[in-house]
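As a starting point, one isolated chain is supplied in structure tokens, in the form predicted on its own.
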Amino acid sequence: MIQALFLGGAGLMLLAAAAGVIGGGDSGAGRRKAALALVIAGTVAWMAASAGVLADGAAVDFTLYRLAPDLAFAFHLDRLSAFFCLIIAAVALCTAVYSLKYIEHGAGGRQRDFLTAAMAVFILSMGLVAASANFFALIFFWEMMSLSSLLLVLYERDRAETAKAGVYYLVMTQFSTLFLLLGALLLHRYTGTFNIGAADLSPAAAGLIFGAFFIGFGTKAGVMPFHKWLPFAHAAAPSNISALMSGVMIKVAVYGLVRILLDVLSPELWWGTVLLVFGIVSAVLGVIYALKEHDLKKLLAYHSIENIGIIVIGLGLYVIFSHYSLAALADLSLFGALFHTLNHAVFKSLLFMTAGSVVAATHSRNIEEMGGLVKRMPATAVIFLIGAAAISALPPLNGFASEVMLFQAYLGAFQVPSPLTAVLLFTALAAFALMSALAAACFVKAFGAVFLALPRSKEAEQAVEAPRAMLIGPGILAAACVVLGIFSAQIFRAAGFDLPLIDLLPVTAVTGAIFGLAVFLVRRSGSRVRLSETWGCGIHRQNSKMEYTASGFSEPIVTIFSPIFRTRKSLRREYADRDKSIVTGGSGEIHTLQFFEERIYLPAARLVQRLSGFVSRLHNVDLDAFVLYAFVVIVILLLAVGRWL
């Protein structure tokens, strides 16, 4: 039954892709909606199959096609893969509902057909990666996922920014695949199989394979310093695709990392230290870079890096506590990381979808050109606010519930016998607390600049509420943020996990009762409320230029972290008099160093360019030189083969 549901869901998505490819141009809206309905049906089938495995606990194995004895498209659905398939299906379902109207906002009928078809293939490939039983199938569907997402990133390929995003994404995604392939080949070299299962290896071999898989999966997940593709690609892609990429695609990489740690290799202490350090760097720098962003989608993309850092921190804590046989703390860390994986998929998809509605209404991603949208798009504003509160880890929402699990695990550092490791954990705890505070500040800026005050552009002034379908999709996810937060302890108990969690249900009930009583008493008192405009320095009527801008809000924080940003400020003033006592106008700019781009990626790209030039010059020779090259290569191959045999 579960196998039939899973394959049936995959078949429906293939049909959706075929319907999109056949297309109908400008008159194909009905066909595109039918294709999206097939995607929705397929995700429902996957959710049913995943729920069945999670409830029963028994793994389901089946083989679809075998190319060779060791190369087969085989699948394995256990609780871990079913959990990730459930995340993929749930987020994809909401995204498909949102896309019913969002796709029709795009340009050109043929492009909309392509977007629908590629989206179906993209969702299908992500689910198949999570269900793969061996590395052959995993890497095959991984490449299918990478190629379909690359085409979706290049959807608006006539824009220069999109071309840059496509180049970054192409290079980094192939970099990721290269290391996954290396890890799989090394594993095959030592075990003789591509199956994903326990491997008995020496510490050196296991460490080498872990390093290859960590770089491979970490690059796709957006772990710093392999993250650079992520802000460009998520910003360039259509918003429904950004929701899928940030919500679930990077979680597929998290799935791979978790699978390697739990079922394939035996982790050592230094692996946990590596995961913890990379996680902290990603979490803290991710939120710091998000604070200076005024591009709404890039801001959300940097927060994806931050949240991936949080998940990797949880995995690092799991490895460290497991090494010291602190099983309860290890379980708390692992389930905290997995729960945050689910929560981030929910609220980040929600935020990207509502951001897409805002961008579609204002025709801009620059939050400095927005403002005042809470009156024009009230439902979108409420949904975005729930997502912003959840990602800022405010109680009683789901972001708080998972982050507090990791805080609880951190406090167990007192039980670690190694003083050096304990110091590392408490240092990481301080950075974790700083990251949480900065995330809240960033979303105060984002919500305030986008939705509050007066519109700062004509487009923002004329914005209208999103269509119903573009509210239902993120609205479901907003409700999930509330339910997963308030009932988190009950959900874990129902799933059979006995963890020391804070029960947010009574806390929420008491807080709600106090708030309701306060509102009742204020209204009952009958006190008069006086409404008036804020004092505007004597100016008769206030305008949007007098508002607190996003740049002004983040400027103190950017100044505090200027050693990281290498901030350079430039001011230009115009004066009305020769003595420069009366200012009539001017402008100011803050330049920040793009460290990873300017110090790592661009030097590497220049080195590759120089090497390519050298190889090109070697090619530009006569026939005799080519014969010499062939002779040298044959000699090297003969020597290599002779040594191997």
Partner chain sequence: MAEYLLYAVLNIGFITAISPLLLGAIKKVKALSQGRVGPPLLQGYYNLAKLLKKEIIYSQNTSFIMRLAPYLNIGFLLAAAAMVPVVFLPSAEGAPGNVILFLYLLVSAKFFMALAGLDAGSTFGGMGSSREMSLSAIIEPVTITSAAALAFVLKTTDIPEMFAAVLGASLAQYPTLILIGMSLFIVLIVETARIPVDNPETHLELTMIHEAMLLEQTGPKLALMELSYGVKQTVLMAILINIIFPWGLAAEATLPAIAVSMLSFGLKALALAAVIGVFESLMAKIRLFRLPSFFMLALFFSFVTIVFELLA
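These numbers were taken from a predicted model, which means no experiment stands behind them. Residue numbers count along the first chain shown, from 1.
One more form of this protein exists, namely the form predicted together with its partner chain; it is left out here, but the text below deals with it.
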* Asked: Does any heavy atom of Ala489 come within 4.5 Å of a heavy atom of its partner chain in the model of the complex?
  -> no
* To do: With heavy atoms only and a cut-off of 4.5 Å, decide whether Arg568 touches its partner chain in the model of the complex.
  => no
* With a 4.5 Å heavy atom cut-off, would you call Glu533 a contact of its partner chain in the model of the complex? -> yes
* Should Leu411 be classed as touching its partner chain in the model of the complex when contacts are defined as heavy atoms within 4.5 Å? -> yes
* To do: Name the stretch: of 348-356, 235-243, 386-394, 335-343, exactly one has residues whose heavy atoms fall within 4.5 Å of its partner chain in the model of the complex.
  => 386-394
* Of the options Ser525, Ser325, Gln462, Ser202, which one has a non-hydrogen atom that comes within 4.5 Å of its partner chain in the model of the complex? -> Ser525
* Structure fact -> Of Gly496, Gly192, Pro506, Pro563, the only residue with a heavy atom within 4.5 Å of its partner chain in the model of the complex is Pro506
* **Complete contact of Ser436, Val444 and Thr559 with its partner chain in the model of the complex (any heavy atom, 4.5 Å)** => yes
* Is any part of 459-495 within 4.5 angstroms of its partner chain in the model of the complex by a non-hydrogen atom, and which residues would that be? -> none
